[in-house]
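Have a look below at one chain only, the form predicted alone, in structure tokens format.
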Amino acid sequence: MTATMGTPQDTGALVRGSVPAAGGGQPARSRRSRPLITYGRWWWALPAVAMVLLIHYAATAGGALYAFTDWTGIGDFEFIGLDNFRRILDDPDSIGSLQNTLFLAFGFLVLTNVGGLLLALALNRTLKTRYLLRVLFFMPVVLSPLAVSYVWKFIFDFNGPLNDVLGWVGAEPRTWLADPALALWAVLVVMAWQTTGMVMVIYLAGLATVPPEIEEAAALDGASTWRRFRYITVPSVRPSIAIASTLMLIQGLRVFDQVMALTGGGPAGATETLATQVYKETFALSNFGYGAALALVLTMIMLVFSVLQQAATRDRS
């Protein structure tokens, strides 16, 4: 009886479904004893993955096919190869829209990140009214871009408050939205004003992970404010820099609402962007094939710059 029953440990292993290992080593667990969730946990994501593939990627791929056609939105169409893309390269208006888009995207990226980081540093710990000021700076983010743009359109009007202030200080009034040299800058200011609060919140989340003890120790060692910022703060908020930069770059590349509300792409195409040109070519002029080609170009630009942005801001430590 003693020889056949074995030790209690062996019996427990057999009851749990383990198989004794060869050579008297530790018993190997049977595959049957592993919980089912380790095999099927990815099945839970299948409905969401299928929805994303069908709604986003399949629809985008289907729309991209029209970029190689001459479809006008009604009736039949013919495949014309790369003619739409050659037309984009030969069209001065499309090249100007591309230049305006890149100017707004990178200007928006710089202004929002610099402004958001400065606000986050100012409202991080010491200021007593920091919670109230955070709310005030974040409030424009929750407003509609169209509503904000129409308010700023009133401010930029020739008889608006901005020119009134300039008149009080003896400066000449400006046609902010009718001057080709100023209109694009006005659009950029409105974009940055509304979105800087969101970047501030992203950097505040990153600054919350910086231990104050490290900064205090560096200050006691004689490190200046700039050196503490460069060697302690910036490496600690590198993930926040990557997130904020990517989001702002994509949002700047696809700017649409502010341009349509403020200038409509004018004056004389000075504020036209790829997004507004896609809208006009597709829905106003019924050039669906050409509009799809412009949309595909904009999508590829966003994809390329997003990948480059992620590569430039990734953590190499």
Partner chain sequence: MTQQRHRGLRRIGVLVAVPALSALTLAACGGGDEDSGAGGSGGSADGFTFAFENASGGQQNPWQLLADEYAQESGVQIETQGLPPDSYGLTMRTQLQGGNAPDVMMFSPGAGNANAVLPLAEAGYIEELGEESAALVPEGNEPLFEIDGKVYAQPTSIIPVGMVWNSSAASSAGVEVPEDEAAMLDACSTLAADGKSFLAIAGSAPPNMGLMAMAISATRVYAETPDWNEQRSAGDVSFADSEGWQATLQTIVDMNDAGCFQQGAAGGGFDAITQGLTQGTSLGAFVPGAAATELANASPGLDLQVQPFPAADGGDPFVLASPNYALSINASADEGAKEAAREFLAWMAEPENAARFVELQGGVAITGPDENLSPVYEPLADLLTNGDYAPLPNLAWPNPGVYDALSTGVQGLLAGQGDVQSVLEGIDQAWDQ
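Quick caveat: nothing in here was measured; it's all calculated off a predicted structure. Numbering follows the first chain given and starts at 1.
Same protein, other form: the form predicted together with its partner chain, not shown, and the subject of what follows.
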task: Could you tell me which one of P180, P239, P161, G167 places a heavy atom within 4.5 Å of its partner chain in the predicted bound form?
output: P180
- line: As a check of understanding, the residue in A268, A59, I250, V52 with any heavy atom within 4.5 Å of its partner chain in the predicted bound form should be identified as A268
query: Quick one: which of 214-222, 125-133, 74-82, 185-193 gets within 4.5 Å of its partner chain in the predicted bound form, going by heavy atoms?
result: 74-82
Proximity of W42 to its partner chain in the predicted bound form, heavy atoms at 4.5 Å: no
- prompt: Hey, in the predicted bound form, does R227 get a heavy atom within 4.5 angstroms of its partner chain?
  reply: no
message: Is L285 near its partner chain? Define near as a heavy atom within 4.5 Å, in the predicted bound form.
response: yes
- prompt: Q99: heavy atom within 4.5 Å of its partner chain in the predicted bound form?
  reply: no
